[in-house]
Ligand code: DGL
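A single chain, nothing else alongside it, follows as C-alpha cells in the form predicted alone.
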C-alpha cells in the first residue's frame, strides 16, 4: 500500500520531492491529471468531479491515503469530498493545513477560539479558482483574528511553468506581485498557494523585497505527513520507490517533468 500524491499537473512534484526526501522508506504513487490541466480556471463542480476520479484511480493502486498536492483541488473539492464522499476506511488530505498551522503557530487539532497572531498582513498568490473559493481565508478565520489577507489570482502562471517558459513565468510573477502590492504595499508574509510556485520562489522573494516572510508548502507538507504517519502507521505500505502516472501523453509529460524538476522523471499511462 503506497501513499497517493495527486495534482492536476506537474506542480505536485515539488511536494512529492520534499515528501520522498523526508520519508525515503515510504512508497508513493504520483498521479498527474495532465489531460485536464490546469484546474485553476475550471468550475468548482468540474474540479470536484475530476479530483474524485483521480482519487479513485489512486485507490485502485492501493493508496488508501491520498494527498491532494494541488491547492486548487484542496480549496475547491476537499471539504465536500471529506464530508460527503470519502469512505471511512480511506483518507484524503489537502495541503492547506500545514500552511495554516505555520502561519497561526497552532496545531490543526487545536479547537480553541480564534486569537491574535503576529502576522497581520498576508499576501496570497494562487490560481483564480483557489482565490475564488476563499478557502484559505475561511480556514484562517477559524484560527486567527485581525489578519488582513489580500489575494492575487495569478492567471497564466501555471500554464507558463508547465510549458517550461521561464522568461514568461518570471515576468508574470513580477506582474502579479506588483498588482498585489498596489493593494497591499507592505505585506508581512506571502503565501505561495500553488504547488507550481516554489519553482519561482526566488523571483517571488525578489519582487516582494526584504522583510516579507515567504511560506512555501513543500517542506511544511512533508513534515506534516511524517507526523501524520507516525500517528497512523497503518497507512504506510511495504516497499520503496515512486511510480508516476499521467492521464496525458506519458512521453510528453515525462519530458516536461524532467525539465520541470531538473532530473529524469518517467511517467506511465494511468
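Please read all numbers here as calculations on a predicted model, not as lab measurements. Positions refer to the first chain, counted from 1.
Keep in mind that the form predicted in complex with D-glutamic acid is not shown, yet the notes after this line are about it.
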- Message: I need the one stretch from 188-196, 168-176, 77-85, 97-105 whose residues put non-hydrogen atoms within 4.5 angstroms of D-glutamic acid in the predicted complex.
- Response: 188-196
- Within a 4.5 Å heavy atom cut-off, is residue 28 in contact with D-glutamic acid in the predicted complex? no
- Quick one: is residue 123 in contact with D-glutamic acid in the predicted complex, heavy atoms, 4.5 Å cut-off? no
- Query: Counting only non-hydrogen atoms and a 4.5 angstroms cut-off, does residue 32 reach D-glutamic acid in the predicted complex?
  - Reply: no
- Query: Would residue 204 count as a contact of D-glutamic acid in the predicted complex, using a 4.5 angstroms cut-off between non-hydrogen atoms?
  - Reply: no
- Just give me the residues of 59-81, first to last, that have a heavy atom within 4.5 Å of D-glutamic acid in the predicted complex. 70, 71, 72
